[in-house]
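For reference, the chain that follows is the form predicted alone, supplied as structure tokens.
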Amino acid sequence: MSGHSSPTVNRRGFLAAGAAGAAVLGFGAPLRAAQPLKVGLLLPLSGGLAREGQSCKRGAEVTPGLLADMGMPVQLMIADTETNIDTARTRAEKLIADGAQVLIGAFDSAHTLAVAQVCEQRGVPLVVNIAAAPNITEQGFKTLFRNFPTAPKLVTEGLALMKDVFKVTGTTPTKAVFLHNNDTFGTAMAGAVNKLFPTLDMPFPLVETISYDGNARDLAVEVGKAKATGADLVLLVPHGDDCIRAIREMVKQRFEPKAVVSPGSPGMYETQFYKTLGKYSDYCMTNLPWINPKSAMSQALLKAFSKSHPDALFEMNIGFTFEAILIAADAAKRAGSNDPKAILAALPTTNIAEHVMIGGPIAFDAKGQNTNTRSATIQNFGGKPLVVLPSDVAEAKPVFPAPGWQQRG
């Protein structure tokens, strides 16, 4: 927590003061400055989270063209956090020194907290594209706005969607085992699962929770322990290549659960997962916020993305990164200014009905959290993730139980 701010300061009061200051300085003028908004984008483009960071970057690269067509010009200033907290902090400081008027990032929750402290000290808005740790919006930051759901929300909706899958397919597992990465994200998700699971009236018991080091060379011991429980459902919260190692080990040990389901994590819907595992990647399910395949704006984004990156997967990281830049540009447009104070004053009244992710209008509560996101169940078919629930936006029907490892194509 920054030593330059107090969690007890009223967020609304600060923002109201900012609005008043902006008006005094003339930032409340109806017309926006002609210059594009300078958006500093912090992503892990190298290091352990490079794959996810590069995915976000691809989404960002196609965004300025779409926003320009909407009368919201932006100039991206992209910086690599190198999957390192200290680097994330210093790059945030440099982006601001170089003229960034809004920061966006930083994918990893710990990195986001470090960047948030810098933004709080400098009075620069931070729009969080992806990061789920609940304490990010519990620190009293007055300059932070998050469009991504918290870990408890991810888990609550992720587990609820499992019940919907069982209801639709007419099959219910008898017991589940939970494996998770022990990094910041995985630990937050595990805390949420273990706290919320007993309250959600799930139709199966959770017989054991097993954590693992995501950097371990193999997960033979952990998967062996999971198999020994006799569970016929695996809940998996990976955060990178560890999801590949987990599935590979299940195949090797002939551990044949009815399904592997993630209640809201990355890994099992990513290009490298499909390329490395081939047929073994199919039928894995992930319950998480996803791009609405029926939204007009998502279709426009898909068209631009496919033209720019014909071989890349169109997935969640692209959608949330696009929306974070959209949120910043929308605030600047409504403020009529690119000044950080004016943008800060406009962000609390964000109300974007037409966007790309599944869910209601983008809007923020008093803590700067968008509570209108909505999770979906996506399932892998032929090396692609398709929405199978909710039914109003589904592209395919869920398959559960999944065919055995050796019964696939």
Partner chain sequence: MSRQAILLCLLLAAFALAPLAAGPYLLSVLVVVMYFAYVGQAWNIMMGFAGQLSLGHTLYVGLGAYTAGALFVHLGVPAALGLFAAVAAAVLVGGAVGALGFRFGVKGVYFALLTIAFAEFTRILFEHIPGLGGPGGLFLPVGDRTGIDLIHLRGHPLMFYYLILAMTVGIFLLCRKLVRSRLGYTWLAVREDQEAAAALGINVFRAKLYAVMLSAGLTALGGVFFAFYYNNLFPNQAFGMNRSIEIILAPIVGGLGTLFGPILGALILTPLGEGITMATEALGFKAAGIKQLCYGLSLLAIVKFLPDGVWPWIRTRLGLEPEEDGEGDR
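Positions refer to the first chain, counted from 1. We call the rigid core whatever largest set of C-alpha positions still superposes within 1.5 Å between the two forms. It should be emphasised that the depicted structure is a prediction, and the values quoted were computed from it without experimental measurement.
There is also a form predicted together with the partner chain; it is not shown, and the following applies to it.
- Query: Looking at the partner-bound form in the predicted bound form, is K258 within 4.5 Å of the partner chain by any heavy atom?
  - Reply: Output for K258 is no: heavy atoms all beyond 4.5 Å of the partner chain.
- Using a 4.5 Å heavy atom cut-off, state whether I325 contacts the partner chain in the predicted bound form. Although the partner chain is absent here, I325 would stay clear of it in the predicted bound form, with no heavy atoms inside 4.5 Å.
- 4.5 Å heavy atom contact, A97 to the partner chain in the predicted bound form: Yes - in the predicted bound form, heavy atoms of A97 and the partner chain come within 4.5 Å of each other.
- Message: At 4.5 Å between heavy atoms, is S46 in contact with the partner chain in the predicted bound form?
- Response: Result yes; S46 sits at the interface with the partner chain in the predicted bound form.
- Message: Check for me whether the partner chain, as it appears in the predicted bound form, comes within 4.5 angstroms of all of D282, E395 and Q407 - heavy atoms only.
- Response: No, the whole trio is out of contact, none within 4.5 Å by any heavy atom.
- Message: Looking at heavy atoms inside 4.5 Å, which stretch does the partner chain contact in the predicted bound form, given the options 196-204, 332-340, 105-113, 287-295?
- Response: One stretch meets the cut-off, namely 105-113.
- Query: Which listed residue (E82, D164, E157, D232) meets the criterion of a heavy atom within 4.5 Å of the partner chain in the predicted bound form?
  - Reply: That would be E82.
- Query: Does any residue in 126-140 get within 4.5 Å of the partner chain in the predicted bound form, counting heavy atoms only, and if so which ones?
  - Reply: A133, N135, Q139, in sequence order.
- Query: Core aligned, does the CA of T150 move at least 2 Å between the shown form and the other one?
  - Reply: T150: C-alpha displaced by less than 2 Å between the shown form and the other one.
- Query: If we fit on the core, is the Cα of N287 displaced 2 Å or more between the shown form and the other one?
  - Reply: N287 C-alpha, core-superposed: shift of less than 2 Å.
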